[in-house]
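First, one chain by itself: the form predicted on its own, in structure tokens.
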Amino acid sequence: MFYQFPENFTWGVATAAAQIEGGAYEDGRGLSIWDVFAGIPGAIKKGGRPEVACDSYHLVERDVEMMKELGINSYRFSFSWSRILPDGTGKVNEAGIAYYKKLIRLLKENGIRPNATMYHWDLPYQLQLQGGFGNRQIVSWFTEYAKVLLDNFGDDVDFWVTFNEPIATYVGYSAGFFAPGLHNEKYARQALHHLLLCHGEAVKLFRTYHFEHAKIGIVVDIWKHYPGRPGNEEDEAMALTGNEIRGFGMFLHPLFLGGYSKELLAYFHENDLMPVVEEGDFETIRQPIDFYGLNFYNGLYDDAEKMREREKQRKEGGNYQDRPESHPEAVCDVLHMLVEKYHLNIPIYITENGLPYDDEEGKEANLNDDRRIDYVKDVLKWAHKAIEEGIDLRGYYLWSLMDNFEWSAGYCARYGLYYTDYETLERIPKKSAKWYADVTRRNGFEA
């Protein structure tokens, strides 16, 4: 069967500044929280650091050539806040502006529409020293930054994204294994409230420009939890927590329904975690946006009994590896949930989706990545089904263009369509790159 996608469907790839650019200490760029966090012993798997990464700061022409080889019509990237404003506020770094102007010009010359994220996790370190997202002043800091971006790149960017996966801020402030590496849930909850305010104010600012072509939205990842044994109280409670209290509900409810959900409010009050909310905050957060970006990787089934068994095996020192089963079919359910529960009546784009190979599997296995192709096919089949069922899905971005710095996993997780040799910085097309180029050419694929 051939899965044909709608005419003008967007096919793209995605990256993020901190993961590919390198050039961390060049041309006036300031430190980000990930530069500092990566220097903490044990913070990053095998001690990986993002100073060079894929060196896209110097190899941007080659990277755009790869996009051309893939035949994509849109590229999702992010701006490095500390490359634009080294201290987070104040003096603009013109070298940073020039770098992104060059990138956008190259994209446009090759018929590739820019999809640019304002914030993809790399807060300037100088702002974290002043409290980061836990300080309500971040709203004015972020709005200043957004204005610099809109003043310089404005209508040259087709899709503007305010934030990518806000949950990373929660993880970094409450769970410690993302930058800046803190363990304070109350602080994290306040930070998330401020982040949503930043989003709302950036959207309001964007509207004042009256751009002819540019659109604005947000990207929220959804790892939907399901009870492994429907009707089992423990499993149901685990799924509810994974969705509403520590997952997508933290963001989607205030963004699209207004305020926090009753489940989240109950959790706040029971645990003395209620963030400070000022009058008008939720009106600011709930700004109408032009599109929604969905980062989807898997559906998760929660089984309390199996979880206890996993914990037992870990404590006993076994070689158990916690790799969840693949549930690509969940993408169809998630897309319907966005429309039916959260009442989205705007275009939806799958802004990230992909599958990692472990670096230890070796170069040949990474280059002949049939497992990745099969996984992406499965996700696209279910996405296609959602379109047939009336979901306004306009595009798909594969994560990622090339292997890169995968946050706390360092350089051990390889998601790329191109294999990155981190010693020579050569980019080598994998089997999946050739397959994806055929998909973009035919606007679909054979099952």
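Residue numbers here begin at 1 and follow the sequence given. A quick note: this is a predicted structure, and the numbers were derived from the prediction, not measured.
The form predicted in complex with 1-deoxynojirimycin (NOJ) is left out here; the points below concern that form.
> Quick check on this chain: which one of 57, 37, 411, 415 has a heavy atom within 4.5 Å of 1-deoxynojirimycin (NOJ) in the model of the complex?
Residue within 4.5 Å of the partner: 415.
> Name the single residue among 122, 369, 235, 165 that comes within 4.5 Å of 1-deoxynojirimycin (NOJ) in the model of the complex, judging by heavy atoms.
Among 122, 369, 235, 165, a heavy atom within 4.5 Å of 1-deoxynojirimycin (NOJ) in the model of the complex occurs only for 165.
> According to a 4.5 angstroms non-hydrogen atom cut-off, is residue 295 in contact with 1-deoxynojirimycin (NOJ) in the model of the complex?
Residue-level check for residue 295: yes, a contact with 1-deoxynojirimycin (NOJ).
> Do residue 63 and 1-deoxynojirimycin (NOJ) share at least one heavy atom pair within 4.5 Å in the model of the complex?
Flag for residue 63 set to no.
> Hey, in the model of the complex, does residue 352 get a heavy atom within 4.5 angstroms of 1-deoxynojirimycin (NOJ)?
Answer yes; at least one heavy atom of residue 352 falls within 4.5 Å of 1-deoxynojirimycin (NOJ) in the model of the complex.
> I'd like to know whether residue 407 contacts 1-deoxynojirimycin (NOJ) in the model of the complex, with contact meaning heavy atoms within 4.5 angstroms.
It does: once 1-deoxynojirimycin (NOJ) is placed as it appears in the model of the complex, residue 407 has a heavy atom within 4.5 Å of it.
> Please determine, with the chain shown alone, which of 93-101, 125-133, 157-165, 140-148 has non-hydrogen atoms within 4.5 Å of 1-deoxynojirimycin (NOJ) in the model of the complex.
That would be 157-165.
> If you look in the model of the complex, which residues in 13-33 sit within 4.5 Å of 1-deoxynojirimycin (NOJ) (heavy atoms)?
Residue within 4.5 Å: 19 only.
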